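Below sits a lone chain in structure tokens, taken as the form predicted on its own.
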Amino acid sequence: MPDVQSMVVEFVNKLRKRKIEGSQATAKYTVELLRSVISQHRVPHANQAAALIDAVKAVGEQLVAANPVELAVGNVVRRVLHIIREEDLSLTTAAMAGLDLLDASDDDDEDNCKGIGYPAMSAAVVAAARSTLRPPSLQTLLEGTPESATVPYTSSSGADSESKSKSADKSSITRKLKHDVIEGVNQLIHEIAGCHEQIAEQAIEHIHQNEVILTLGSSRTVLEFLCAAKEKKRSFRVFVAEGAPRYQGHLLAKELVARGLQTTVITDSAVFAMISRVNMVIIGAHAVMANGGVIGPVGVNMAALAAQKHAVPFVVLAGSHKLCPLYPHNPEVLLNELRSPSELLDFGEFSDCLDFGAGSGSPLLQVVNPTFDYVPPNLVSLFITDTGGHNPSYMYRLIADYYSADDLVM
């Protein structure tokens, strides 16, 4: 089995060098790495959940710092931390319930002993004999406190068997917590892998016959969503804004045509001119913030404004791993990054303009090439996630189900 630290270093380097991009790809790699961290981490008998949380946070901080723009990385780290807290709470609740049942059973035994005329010492002896069969107390589970101080001394052999029973119980609880956490992480991996299919199943409810759909850039979620409607015998046309300067829309248009959809490629600047013919705007999101705002490909804000002006529904598709518990104004949120100017201009052709001005210390021509755009929640009509359709005002409540308040700041 490969060393976890070497896996972390390798993934951090890939994030820094942008060798892994996209919300689903980064989320998938992150959750699989964290599963390895949890499975190989040696958990102490006491404070097991805290030890796992510290280990996951230590790795998560490195991953988030490597590429802060990939918000899906931080989202997945927080989801895993939430899983650990939930499983620890579940085990604690189960232990408390077992303790209450044991106390009730002890009371019944004492009543029975008194009822049949046994002396009081007999009840104590019976309780001492049954102590070796008891599950560990809640204090033992949380703090590792020995139970021998609370159990009457019987014999050396009884103490030895009790000690072995305690050790076995501690080991069992340790394995139980890690096992439950890993099971929860496996469910998260399955959820991320199947988010496209879960969202695509809802396409038939939103796309109707002979409609015109506008989208921008390239998104696998949007591709599967549109193709799912096509497979249900819905006939419609798709307008694809090309998504300059990377022209990701060209790739989406090719894939749509290959799937048999009627597709029209338009320039980004033509969105407002064509929006009057459109019945719905459907885009994929890079991230969905806690206030219902959307981070998407550059130019998506222009499409949202055009849709609002012509009363066209603006629908956002996003898997649950893209739901971010932070707000856009949070200082730890990096909403954008600037790409190379070479995507916009040819350095050879514009070399004269890029020369430094006399005495100014900076080039006369500045080139800004942002990657993302922000859409405020008031421009969004509907979110479609793998759990169903939601209004923007409900997103904060949906996000609260996935994350713990203690884990918002990494």
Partner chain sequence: MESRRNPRAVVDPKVRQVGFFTSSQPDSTQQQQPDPIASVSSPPVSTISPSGNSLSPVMIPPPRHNSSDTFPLRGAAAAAASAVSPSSFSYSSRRDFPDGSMTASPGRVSRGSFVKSYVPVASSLPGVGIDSMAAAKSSSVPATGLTTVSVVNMPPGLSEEVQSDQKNNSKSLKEKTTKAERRALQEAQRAAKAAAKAEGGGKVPPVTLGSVAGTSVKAAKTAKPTSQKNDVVVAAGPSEKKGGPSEKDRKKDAPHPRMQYDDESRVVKAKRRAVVKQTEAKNRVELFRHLPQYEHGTQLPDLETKFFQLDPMHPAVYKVGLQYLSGDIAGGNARCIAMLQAFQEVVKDYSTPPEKTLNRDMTAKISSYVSFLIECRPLSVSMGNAIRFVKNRIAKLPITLSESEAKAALQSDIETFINEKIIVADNVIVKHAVTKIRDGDVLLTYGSPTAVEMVLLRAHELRKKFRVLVVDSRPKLEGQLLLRRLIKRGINCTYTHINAISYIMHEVTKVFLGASSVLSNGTVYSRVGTACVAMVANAFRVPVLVCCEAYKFHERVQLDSICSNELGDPNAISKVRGREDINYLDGLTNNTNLQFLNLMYDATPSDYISMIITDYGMVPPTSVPVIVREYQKEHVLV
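Positions refer to the first chain, counted from 1. Since the structure is predicted, the reported quantities are computational estimates derived from the model, not experimental observations.
The form predicted in complex with the partner chain exists for this protein as well; it is not shown, and the discussion that follows is about that form.
Open item on the list: Looking at heavy atoms inside 4.5 Å, which stretch does the partner chain contact in the model of the complex, given the options 335 to 343, 220 to 228, 195 to 203, 87 to 95?
Closed with: That would be stretch 335 to 343.
- [ ] Let me know the one among H208, K232, K309, H190 whose heavy atoms come within 4.5 Å of the partner chain in the model of the complex, would you?
- [x] If I apply the 4.5 Å criterion carefully, the residue I get is K309.
Open item on the list: in the model of the complex, does each of L33, Q40 and I295 have a heavy atom within 4.5 Å of the partner chain?
Closed with: No residue of the spot touches the partner chain in the model of the complex.
Task: Any non-hydrogen atom of E70 within 4.5 angstroms of the partner chain in the model of the complex - done: No.
Task: 4.5 angstroms heavy atom contact with the partner chain in the model of the complex for F314 - done: Outside the cut-off, so no.
- [ ] Would you check, heavy atoms only and a 4.5 Å threshold, whether P245 touches the partner chain in the model of the complex?
- [x] Output for P245 is yes: heavy atoms within 4.5 Å of the partner chain.
Task: Residue contact check: K178 to the partner chain in the model of the complex, 4.5 Å heavy atom - done: Heavy-atom contact with the partner chain at 4.5 Å: absent for K178.
Task: Those residues of 243 to 260 which, in the model of the complex, come within 4.5 Å of the partner chain by heavy atom - done: Read in sequence order, the residues that approach the partner chain (within 4.5 Å, in the model of the complex) are G243, A244, P245, R246, Y247, H250, L251, A253, K254, V257, G260.
Task: Comparison of CA distance in the model of the complex with shown form for V333, A193, at least 3 Å - done: Farther: V333 and A193 separate by 3 Å or more in the model of the complex.
TODO: Classify the change in Cα distance between P331 and A318 in the model of the complex as closer or farther, relative to the shown form (magnitude of 3 Å or more).
DONE: The answer is closer, because the C-alphas of P331 and A318 approach each other in the model of the complex by 3 Å or more.
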